[in-house]
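Heads up, the chain below is alone and in the form predicted on its own; it's given as structure tokens.
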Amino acid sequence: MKNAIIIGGGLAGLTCSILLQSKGYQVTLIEKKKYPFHRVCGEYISNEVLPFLESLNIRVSELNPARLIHLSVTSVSGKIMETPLPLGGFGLSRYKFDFLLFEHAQKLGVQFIFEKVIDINFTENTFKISLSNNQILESAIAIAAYGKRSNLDQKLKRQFFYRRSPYLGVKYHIKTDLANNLIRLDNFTGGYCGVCKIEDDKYSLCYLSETANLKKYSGISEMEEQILFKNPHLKYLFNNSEFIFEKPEVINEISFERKTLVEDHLLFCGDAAGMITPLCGNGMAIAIHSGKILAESILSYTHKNSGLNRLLLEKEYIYRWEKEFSIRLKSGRLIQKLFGNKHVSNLSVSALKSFPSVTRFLVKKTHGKAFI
């Protein structure tokens, strides 16, 4: 039986593991945390993924996700515009969603190891993966799906790692009176916040901020009061909601720069391969789709008799990934420049409100089509 090792058990890694395992691979997935657990994530998923998930008999409807059909955007000073989401999406916590995929993968026979990967080496056409428990795993195929940023990026000498990123992400779960079919993006100086309903009458509140905002104050709470509360919609939300977490989930050094898809034959997918700005709210769909594309590329170029055609596999994967995601990621980086600044965000929201066709065009540029 062919085997593969996947490093990282987020949406991309889990999706890839499910597809490979169901097609005759023995997959080992290494994740440093045990499921279920929370991740810093906006927890909005475009409906483009639903036909694919249903084809795998993964029924997210059983988790009672929120149905999201409207988008609103507010400027730093509080101007607001609202538009329908043509394809729509659903709100579901990573705590529940990742666990659903984990259980599905486990039933298929994917082997899970809950340890930290400390090194990756490729010699004699084989990957050697060193774990924190001194175990060493070997495989002809290794996939890096460990998320936005990892110490492994430094060991692999990936160029983006050495360029400091000015962003941090913060996430809460709250109970509030916001509309249950709406995803709202609230701008503040140096960042923006997304809030939407998820399962069990809860809402996900997740924001991206320039790290410089935090350095000005004693901690996250003071930064929120001094920076985020300048937007009246955010001030009302924070002051009139029940916060479920004792403390927020936080992640530093979030990078939106271009990343390589292959490094010394190690294959990257999900946020490890490239990340759309959270403002576009489509990272979860991209992660799932990238896991699918990578699994299909592997299956196309591994043959029972002739073995692995590694170079054709890598070429095919890069071509398909670029074709599917490069424009979306570029669009996200450009759209991000319209927000996070008081004057620019005011002008942007006013323009989007006055020209709904432009708004629909931008939404379309950052979302994909339904796929199976």
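Residue numbers run from 1 along the displayed sequence. Since the model is a prediction, treat every value here as computed from it, not as a measurement.
Another form, the form predicted in complex with a small molecule, is not on view; read the next lines as being about it.
Each of 8, 41 and 116 places at least one heavy atom within 4.5 Å of the small molecule in the model of the complex. In the model of the complex, no heavy atom of residue 27 sits within 4.5 Å of the small molecule. Using a 4.5 angstroms limit between non-hydrogen atoms, residue 278 touches the small molecule in the model of the complex. At the 4.5 Å threshold, heavy atoms of residue 146 reach the small molecule in the model of the complex. Not displayed here, the small molecule is approached by residue 94 to within 4.5 Å at the level of heavy atoms in the model of the complex. Heavy atoms within 4.5 Å of the small molecule in the model of the complex are found in exactly one of 99 to 107, 247 to 255, 135 to 143, 228 to 236, that being 247 to 255. Of the residues 198, 293, 284, 76, just one reaches the small molecule in the model of the complex with a heavy atom at 4.5 Å or closer; this is 284. Between the small molecule and the residues 70, 33, 342, 333, the one pair within 4.5 Å by heavy atoms in the model of the complex involves 33.
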